[in-house]
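Okay, so here's just one chain, in structure tokens, the form predicted alone.
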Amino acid sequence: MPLVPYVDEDTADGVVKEVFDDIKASRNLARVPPFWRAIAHQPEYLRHEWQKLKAIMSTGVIDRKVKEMIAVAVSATNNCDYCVRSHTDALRALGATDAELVELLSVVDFFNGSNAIASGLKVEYEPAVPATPPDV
């Protein structure tokens, strides 16, 4: 159960209505997702976070599918079920397969573990040196 009631999108007005309308139009959704309705109690925060998400997730040097994969990886590491499900849905809409999702989360699994042991053991990084010098 959420700690705050969701703002009712049918009665939203002002900034909240503007953002809600943009969310639905931008994502081709019939309803505003619960995350956005929860944070809408602070309209300027809602606006700021929505604008930030749009800027970050728009296609740039890194394509949208890779960005959604990063979102799933970070969300899994942070144990955010809502975010894992939301961004997995977005990945599936972008064509991600079951095999891609399992492979993505296997990378998360490996690096969470190896990060913990390297950090716990205070292993210091040394750049890799090739065994043989490259041809000049």
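When you see a residue number, it is the position in the sequence shown, counting from 1. What you are looking at is a predicted structure, and each value in this text was computed from that prediction instead of being measured.
Beyond what is shown, the protein has a form predicted in complex with another copy of the chain; the following relates to that form.
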Would G14 count as a contact of another copy of the chain in the predicted complex, using a 4.5 angstroms cut-off between non-hydrogen atoms?
no
| said: Contact with another copy of the chain in the predicted complex for L101, defined as at least one heavy atom pair within 4.5 Å: yes or no? | reply: yes
Checklist entry - Hey, in the predicted complex, is D10 touching another copy of the chain, heavy atoms inside 4.5 Å? => result no
### Message
Please determine whether A93 contacts another copy of the chain in the predicted complex, using a 4.5 Å cut-off between heavy atoms.
### Response
no
Within 89 to 117, the residues having any heavy atom within 4.5 Å of another copy of the chain in the predicted complex are D89, R92, D98, A99, E100, L101, V102, E103, L104, L105, S106, V107, V108, D109, F110, F111, N112, G113, S114, N115, A116, I117
